[in-house]
Ligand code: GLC
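One chain comes next, on its own, written out as structure tokens in the form predicted on its own.
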Amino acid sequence: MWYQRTVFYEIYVPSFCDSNGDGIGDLQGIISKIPYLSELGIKGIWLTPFYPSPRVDNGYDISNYYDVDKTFGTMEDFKHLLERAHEYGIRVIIDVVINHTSNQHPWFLESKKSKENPYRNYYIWEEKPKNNWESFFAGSAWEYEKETNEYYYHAFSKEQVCLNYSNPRVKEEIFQVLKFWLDLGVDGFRFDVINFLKMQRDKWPDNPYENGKQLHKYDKNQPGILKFIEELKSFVSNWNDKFLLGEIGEDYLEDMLPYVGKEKLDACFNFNIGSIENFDLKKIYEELVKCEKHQIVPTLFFSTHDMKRHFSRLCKEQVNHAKLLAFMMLTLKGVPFLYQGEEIPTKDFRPKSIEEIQDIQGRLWYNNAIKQGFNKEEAFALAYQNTRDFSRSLLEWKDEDLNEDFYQFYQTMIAFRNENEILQTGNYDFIALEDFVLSYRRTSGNQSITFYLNFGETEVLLPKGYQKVLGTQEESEVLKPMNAVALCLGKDESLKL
């Protein structure tokens, strides 16, 4: 499949490139950067939601699945973006949110009019909260609606109302949404929180608690989801060569495995690798080994719009460390997903007051803390801890912000991957970790390349008689700390530690 040969670049539409000076990214801004992305070596882009939306959750609260939010442009702009990207050989996958809609979506506006409305059963309504389920953001997941004197269910903010997939009409509606965009020529979808779909109405057990925090056990991965995904895969297969990527809201590979396979999703985001809070080479290695054991092609990333940038979070803004992680992402077996601006490199945005926090998750934590009696400083600390604004600030594309050497390193590494079959489809002969040196050999046909990444503080001796293919350091008999090399070796050679 083409996606296995592709280096993707996530574009968070509201903050990627502002073409009209209103402080918000837009489709024309993206179009203007297509040549830049092509020059960088990108072959695929993932666009976050750009549909009409009140933008309570920055577009993940969709009020119309069939159009473009005027903040970002027009449908003609989107068609131009798609055409322009394809001209440069760049495929485009788009985020689609099918777990919930905005409370301003026409379906929900109809649904809340009366209990007899034809759209009532598109959502989950109850006379009283059925259980103790909490929102993944903060507070109860049940919201009272006075017009019909009932409660509706929302897994995230109260403005993001969960759809009822026990109603066959909902599935039919969603399939028509996918058809619309597939007919326009998109190359695939990234499905937001797809394991959260609500498939049943007859069982509502309470979620358990651990150390005072609710464990989300019964409000995700419900029976029936996998059957639905098989139907979805079958439906999309009517269009050739489309990539289906799932956001599975889990931290453990074992919980993601059921969603990926021939009759299911092509891949899922491996948060078991990408979302680590602090750099942990042993943890990364162990998760890579698990993926190989289960024959899963992992997605390779350390930053997205939902987490702090890894340049700040993992690398502590040390360029050599960031280069080493880039070397890793672009030489491991898997599908790399770069996040906008990491090639510059871009640091975290750090809000200094609640006024600077835009993310609904952070603001909800603040408001709930104030209601519970916390003072403003304590409430802001909780908001700061839980906001996702760190990676969402607008890229200004100033020349002085670009580290030319760092950018060229990314460009060289991406070209290296694009030009070598081994790095696109090659398998592992081995993958190993000894002390702080990660090593792996990838082979395709009769060719192989061996990689050594030294995350430690001491030099290690390289094998004799090697042919250096690429590296982060000058030619040397030793591999220096925080450096990496790619070597052509005989298969019996190994690194001398």
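The structure displayed is predicted, hence computed values, not measured ones. Residue positions are given as counts along the sequence shown, with the first one as 1.
One more form of this protein should be noted, the form predicted together with the ligand, which is absent from this view; the next part is about it.
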If we test each of F455, Y60, F451, Y65 for a heavy atom within 4.5 Å of the ligand in the model of the complex, the one that passes is Y60
The one option of K171, R392, K130, H216 with any heavy atom within 4.5 Å of the ligand in the model of the complex is R392
**Q.** Three-residue site H310, D348 and Y410 fully in contact with the ligand in the model of the complex at 4.5 Å by heavy atom
**A.** no
Q) Does the 4.5 Å heavy atom contact test between I273 and the ligand in the model of the complex come out positive? A) no
With the partner left out of view, is V193 within 4.5 angstroms of the ligand in the model of the complex by any non-hydrogen atom? yes
Just checking whether V260 would be counted as a contact of the ligand in the model of the complex - the rule being heavy atoms within 4.5 angstroms. no
Does N164 make contact with the ligand in the model of the complex, using a 4.5 Å heavy atom cut-off? no
Of the candidate stretches 155-163, 330-338, 221-229, 289-297, the one with residues having heavy atoms within 4.5 Å of the ligand in the model of the complex is 155-163
When the ligand is considered in the model of the complex, the residues of 302-317 having a heavy atom within 4.5 Å of it are H305, D306
